[in-house]
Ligand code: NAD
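Given next, in structure tokens, is a single chain: the form predicted on its own.
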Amino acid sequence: MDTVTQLLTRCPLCFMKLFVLSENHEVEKRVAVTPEVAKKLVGIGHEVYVESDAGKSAGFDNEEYSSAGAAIAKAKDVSSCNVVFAINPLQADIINEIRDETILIGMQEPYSSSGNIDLFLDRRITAFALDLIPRTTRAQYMDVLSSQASLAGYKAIIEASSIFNRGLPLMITTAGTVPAAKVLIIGAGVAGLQAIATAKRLGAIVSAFDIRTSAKEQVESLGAKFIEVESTEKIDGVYAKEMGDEYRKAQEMRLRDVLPSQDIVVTTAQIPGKKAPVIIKADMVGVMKKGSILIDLASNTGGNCELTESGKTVETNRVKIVAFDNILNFIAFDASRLFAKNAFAFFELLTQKMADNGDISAIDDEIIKATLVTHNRQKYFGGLTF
């Protein structure tokens, strides 16, 4: 039985030393634990250490953490803690500072960060990937992908409206009428639905497209028009998947008909563990309205537009294709608040389950099984050992 397990078995909610890492603030302004959540952790018996200025870029200063009962620490102090919280996959030098048998909780991107997994195995680190939280009703309080995607969808519309050189709502003035802008959302998942709702609140005429037939009812319930593709190939469920050639051709033809009338396009389509599907080809940008805006929220996984360049704004044929490095940096305060609450809910579940079963790998819980990546020099995905 490892050190962490022994400690949790004796007292599952007491005497844990938790460390909150500072992200690289040049690319990530969020923080994994806010003062509000730090106070909760301290209140149930944990010692909380926060790397100095970890929350500064998100709007939380060291004094707020101190007032919550947390200790302000240096990065090297991570080596004395049992549990580490972070948002993004860690750099190798930080992993090497973490002591053996530590529990690591954050987004691990296990399908693309295989080098980290090897280091976890070497160091006997127990790593949990919050980005593998299942999309179930029971897990919704821990679902970081949904909470962060919702904010990303909202912010995409706000940023698009700022870049767009026209108004969004219909305005009737003594000088004439300003027509409502037309907004197309591609991908009606969590981010897409929030983008639809935001655009509608701002007065735009909104349409949406998704390959999942189940999305139609959700789109229409928000007051948007659902763009349908005539095809014998259909899918349903929570996640998108790669479609066949017949469907892709029909989808392309349908979008070519719709794109010329749109002022703002927001693309959100992603497939877990894979490169984002290219939905808008380079020549399709040529049929878009001059002065229109395309916000590609899938840019970090390759982009839904063939011309997307992550972190850049590309302009062609007077169409701006915008791909933010991390759109959540524009709303880091609220993004951190939601992430921290998700992480806290997961940590509560984990400690409760470990109180009943000291062997982490043997915990019979769908959420724990789905998120466990490594433990005791074994690799796990969805309860499977590799």
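It should be emphasised that the depicted structure is a prediction, and the values quoted were computed from it without experimental measurement. A residue's number is simply how far along the shown sequence it sits, counting from 1.
As for the form predicted together with nicotinamide-adenine-dinucleotide (NAD), it is not shown, yet the points below apply to it.
Colleague: Applying a 4.5 Å heavy atom distance criterion, does I295 contact nicotinamide-adenine-dinucleotide (NAD) in the predicted complex?
Modeller: Because no heavy atom of I295 falls inside 4.5 Å of nicotinamide-adenine-dinucleotide (NAD) in the predicted complex, the answer is no.
Colleague: Please tell me whether any heavy atom belonging to I271 falls inside 4.5 Å of a heavy atom of nicotinamide-adenine-dinucleotide (NAD), as the geometry stands in the predicted complex.
Modeller: Contact check for I271: yes, within 4.5 Å of nicotinamide-adenine-dinucleotide (NAD) in the predicted complex.
Colleague: Looking at the partner-bound form in the predicted complex, is T137 within 4.5 Å of nicotinamide-adenine-dinucleotide (NAD) by any heavy atom?
Modeller: Flag for T137 set to yes.
Colleague: Can you work out whether A152 and nicotinamide-adenine-dinucleotide (NAD) are in contact in the predicted complex, taking contact to mean some heavy atom pair no more than 4.5 Å apart?
Modeller: No.
Colleague: Which one, Q262, N116, N300, Q218, lies within 4.5 Å of nicotinamide-adenine-dinucleotide (NAD) in the predicted complex by heavy atoms?
Modeller: Filtering the options by heavy-atom distance leaves Q218.
Colleague: Would you mind picking the one in N88, N82, S161, Q251 that has a heavy atom within 4.5 Å of nicotinamide-adenine-dinucleotide (NAD) in the predicted complex?
Modeller: The residue from N88, N82, S161, Q251 that makes the contact is Q251.
Colleague: Out of 68-76, 281-289, 102-110, 210-218, where are the residues with a heavy atom within 4.5 Å of nicotinamide-adenine-dinucleotide (NAD) in the predicted complex?
Modeller: Flagged stretch: 210-218.
Colleague: Which residues within 169-187 place at least one heavy atom within 4.5 Å of nicotinamide-adenine-dinucleotide (NAD) in the predicted complex?
Modeller: Counting only heavy atoms within 4.5 Å of nicotinamide-adenine-dinucleotide (NAD) in the predicted complex, the contacting residues of 169-187 are I186, G187.
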